[in-house]
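Before any questions on binding or motion, here is one chain by itself as C-alpha cells, the form predicted on its own.
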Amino acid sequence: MSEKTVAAISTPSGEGGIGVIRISGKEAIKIADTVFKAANGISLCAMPGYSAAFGYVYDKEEQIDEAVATVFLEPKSYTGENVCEISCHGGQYVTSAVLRAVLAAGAQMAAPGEFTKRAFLNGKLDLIKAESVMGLISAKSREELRVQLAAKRGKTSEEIEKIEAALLELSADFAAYSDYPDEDLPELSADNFFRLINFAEAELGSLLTSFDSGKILREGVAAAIVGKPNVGKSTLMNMLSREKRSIVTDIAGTTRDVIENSVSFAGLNLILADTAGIRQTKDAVEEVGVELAKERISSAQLILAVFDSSDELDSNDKEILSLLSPDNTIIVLNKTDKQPKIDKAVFGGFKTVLISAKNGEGEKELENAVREITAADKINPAAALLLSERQRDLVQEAHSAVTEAKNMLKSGFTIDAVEVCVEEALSTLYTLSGKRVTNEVADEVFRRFCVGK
C-alpha cells in the first residue's frame, strides 16, 4: 500500500449535475475531514465504511459548496485503501476549488490511472481486469460495453488461469519425471503430457482468434453510404445518426463532400460516411466528390449501397453496382413508401434490405443485415476476448512457446529442453495477468488511463 494519499476529480470537466473528487490513501479520511463538515456534526473519521453524510466543503474558513461525503474503509474500497469521495455540484470551477482545498489539506495530485493502479497493486483486480476499466469508460457501442464488462468480471482472466493451471501441471509432471525417471507413474505418461499441451495450445489459439473477431467491437466499423444523387443517402445518414447530420433536398448533387459521423447502430460503432452522389457530371467540384465516394467504396469495411426502389435502374446505378462486392455490401432499397419499379433480380448474390428512410421503416431489418455481414452476430460478448495489443502480443508469445514445446516433445527432445519452453509460456502468461510484472510494464498500462480513474 502506498504511503502517499492522492486525490483527483473523477468526473468529466465541464458543467454537470454532480462532480466527484476522489481521495485515496492512508490519510484519505483525515484529509477529507479537514475540508468537509457534516451537517449533523459527526466527524468523517468516526463514520463506518460504506456510509455517507451531507454537509459543507470549506477552504479554510470559506464555504465552497454543499456536498455529500462517502467513506470507504480499507480493504473494502475500489483501491483497497481508505477512500473518501466528495460529491459536490458539477461546475468546473466548484470541483476545481474543492480539489484545491483537498490538496492544500495534505493530499497529492493523482497521476493518470493511479486509483486503478493502486487497486491492481493491492490485489483488488488483475492487469486484464484493470485494462477493461478504461475499456468500459471509452466504450462506444452496446456490444463493446458488454465485452469490456465481461472482462471486468473476470471472464478472460478465468480462461488464462485455466491455461496456467494446465501448464503448471505439465511443469510439475516434467519435474517428477526428471526426479523419478524409473518410476511407472500413470500420470507421467506421454499421453497425459500431450493432453495438457494440446489443451494449452488450443485455448491460446482460440484467444488469438477472438482478438481478430472482436476487432470491430474495439475499433468500430468504417462504413460508407453510397449511391447516385437523390436516392436518400443523406436521409439514411440522418436516420441512423438520430439527428440531422446531412442536408436533405430534392436538388441532385447537394452532398459534394464526405460527411462523417460516429454512430451506434446494430450494437456496433459505425464510423459512417455519407458520400456524394455518384453520377456522370461536368461540374468540377461535384466530380471531386464523386471520386472521393468511389475511393470510399474501395476502402470501407461496410458499404450501404442505396437505390431508389420507386425507379428503374439507370446507367449511374449500374456503374455503382459494378464497383460493389457482396462480401461487404448491403443493398438498401429505399423509398418503399412509393410504388416499386426496381427489378430486385439484378441484386442477386447481395444481401438486400427494403427501407423507407424518410419514415424510419426497415431499420430493424437493416440492423440484422449489418450484424450478419460484419459477423458481429457470431461474436459472443460474454466470452473471453483479448481486448488490447498488449494482451494479444503476450498470448502470441505464449502460444509460440507452447507450440515449440509440443514439437520438441514429438521430436524426442529431453524433458529438460521441453520444460524450458513451458516455463517461458507460463512466465509470459504471468506477465499478462500481472502475477509477475515489472514496474515499467505496469506504468505503461496505467499511463493510458485518464486522471481520476
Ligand code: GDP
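Keep in mind that what you see is a predicted model, and the values were worked out from it rather than measured. Residue numbers run from 1 along the displayed sequence.
Absent from the display: the form predicted together with this ligand. The rest refers to it.
Exercise for the section: May I ask you to check whether G113 falls inside a 4.5 Å heavy atom distance of this ligand in the predicted complex? Expected result: Outside the cut-off, so no.
Practice task
Check whether C84 has any heavy atom within 4.5 Å of a heavy atom of this ligand in the predicted complex, and answer yes or no.
Solution key: No, no contact at 4.5 Å.
Practice task
Indicate whether this ligand has at least one heavy atom within 4.5 Å of a heavy atom of N230 in the predicted complex.
Solution key: Residue-level check for N230: yes, a contact with this ligand.
Practice task
May I ask you to check whether R195 falls inside a 4.5 Å heavy atom distance of this ligand in the predicted complex?
Solution key: Outside the cut-off, so no.
Handout entry: Listed residue (R371, R142, H89, K338) with a non-hydrogen atom within 4.5 angstroms of this ligand in the predicted complex
Key = Here the answer is residue option K338.
Practice task
With this ligand left out of view, choose which of T235, N269, S77, S241 has a non-hydrogen atom within 4.5 angstroms of it in the predicted complex.
Solution key: Residue within 4.5 Å of the partner: T235.
Practice task
Name the stretch: of 379-387, 201-209, 146-154, 357-365, exactly one has residues whose heavy atoms fall within 4.5 Å of this ligand in the predicted complex.
Solution key: Single hit among the candidates: 357-365.
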